[in-house]
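Just one chain is shown here, as structure tokens, and it is the form predicted alone.
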């Protein structure tokens, strides 16, 4: 196929999916490469998306299904780009497609293979709140709804013993231990990097007690607790799985000083958290402890105003680095400086840390493979002095969504549209 008829998209979050669909509708062949065994990205970890409180699964599932059924889009999950050579209009790309050990065509996603597996591991997708087996899907509703086997943990694949329990449990003969990793070589006219984001490790901020006090949670842990497809099926509980918190505090700007920038979305999702915590537990008392409020969209301002009036008490802290948390008689005491510079204390059952967004893991390696620069914060660098640019220093390669910097879903989609316009202009000229 002519390279100018093919585009590589790296990352299948909302930005990568939108770019893939737009390119397909424009008649291009798309290779959508995703390192995880599912598509959808971080947005499907959330129960609802702000500012309209739309069900995230309802919002994204039709897009995922359209991606998987689109004949112009070849989805390569559990895959990584290994090398990129050539130039704009004619890139030579090598992709490592890792063995899944489960036949996607044969598997019906019945889940009978999970309970028989004797090996468990922390479920990172569920923020470590529950465990998963060596054969797993990331969460309920994963698409494709087909498990993958972790070869490092599987007793058969790592040579520990001849375990066949998942094979015996599968009535569709979908388990395939003979599957091998595969190198795929393609030519592409352009590349869109939509590699998403991670959040900082909250244990780095020792005074906040994350990992020390069980009542301290990160925002994404709360997301999974509130989500209907999460580990508690949407029930808001403390780590024992039973206790309902009566009071909770949301700490804004957690780790902002560590990363050196505002993550743009934290104030808005903090408001959404308060909204849904009140929906789950109407009697809960919620506090938001903040220094600044970043509400870059008119809809976010409306949401925040509503929450402050009806759902949460907002408390100003003057020096975030002086805030600390201690546990006293089973309660979490938050010590902070108020607007007069006086030390104040607040006791709650639950603390939620709005952890800062950081570049996705492996970003330096991705930039090196693509031959493009990183900015001073570690995100993919776009053209300096060009407002809103998605162009990198290498012609034909574009950075969109949170690969370029922290942003919300609408902004990620806008950048995807801009990248597709640039790609079409390049390949059709």
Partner chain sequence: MSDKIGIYVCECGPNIASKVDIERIVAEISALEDMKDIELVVKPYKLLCSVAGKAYLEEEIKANNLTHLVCAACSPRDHDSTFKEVCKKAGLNPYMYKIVNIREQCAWIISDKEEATDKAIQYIHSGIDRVLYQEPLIEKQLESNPDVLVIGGGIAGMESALNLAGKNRRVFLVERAEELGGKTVHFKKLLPRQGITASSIQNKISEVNKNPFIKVFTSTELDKIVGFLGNFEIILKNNQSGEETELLAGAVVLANGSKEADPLDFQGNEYTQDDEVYTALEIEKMYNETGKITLKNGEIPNSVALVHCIGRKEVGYCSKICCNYLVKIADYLKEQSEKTEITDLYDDICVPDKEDQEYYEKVMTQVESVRIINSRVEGNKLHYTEISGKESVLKPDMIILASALLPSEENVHFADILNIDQHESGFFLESHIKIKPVSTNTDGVFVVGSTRGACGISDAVLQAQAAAGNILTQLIPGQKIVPEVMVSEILEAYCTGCQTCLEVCVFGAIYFDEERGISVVNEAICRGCGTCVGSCPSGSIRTRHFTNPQIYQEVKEALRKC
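Numbering follows the first chain given and starts at 1. The structure presented is a predicted model; accordingly, all values stated were derived computationally and were not measured.
Only in words, not in the display: the form predicted in complex with its partner chain, which the text now covers.
Student: Heavy atom within 4.5 Å of its partner chain in the model of the complex: which of 114, 213, 177, 290 fits that? Just give me the one.
Tutor: Residue within 4.5 Å of the partner: 290.
Student: So which of 171, 183, 328, 140 gets a non-hydrogen atom within 4.5 Å of its partner chain in the model of the complex?
Tutor: Answer to the contact question: 171.
Student: Should residue 294 be counted as a contact of its partner chain in the model of the complex, where contact means heavy atoms within 4.5 Å?
Tutor: Although its partner chain is absent here, residue 294 would touch it in the model of the complex, with heavy atoms inside 4.5 Å.
Student: Is there a heavy atom of residue 264 lying 4.5 Å or less from a heavy atom of its partner chain in the model of the complex?
Tutor: Residue 264: contacts its partner chain in the model of the complex.
Student: Is there a heavy atom of residue 301 no more than 4.5 Å from a heavy atom of its partner chain in the model of the complex?
Tutor: Taking the distances in the model of the complex, the answer for residue 301 is yes, it comes within 4.5 Å of its partner chain.
Student: Contact between residue 260 and its partner chain in the model of the complex at 4.5 Å, heavy atoms?
Tutor: So residue 260 counts as contacting its partner chain.
Student: Taking only heavy atoms into account, state which residues of 337-353 are within 4.5 Å of its partner chain in the model of the complex, ordered by sequence.
Tutor: Sequence-ordered list: 339, 340.
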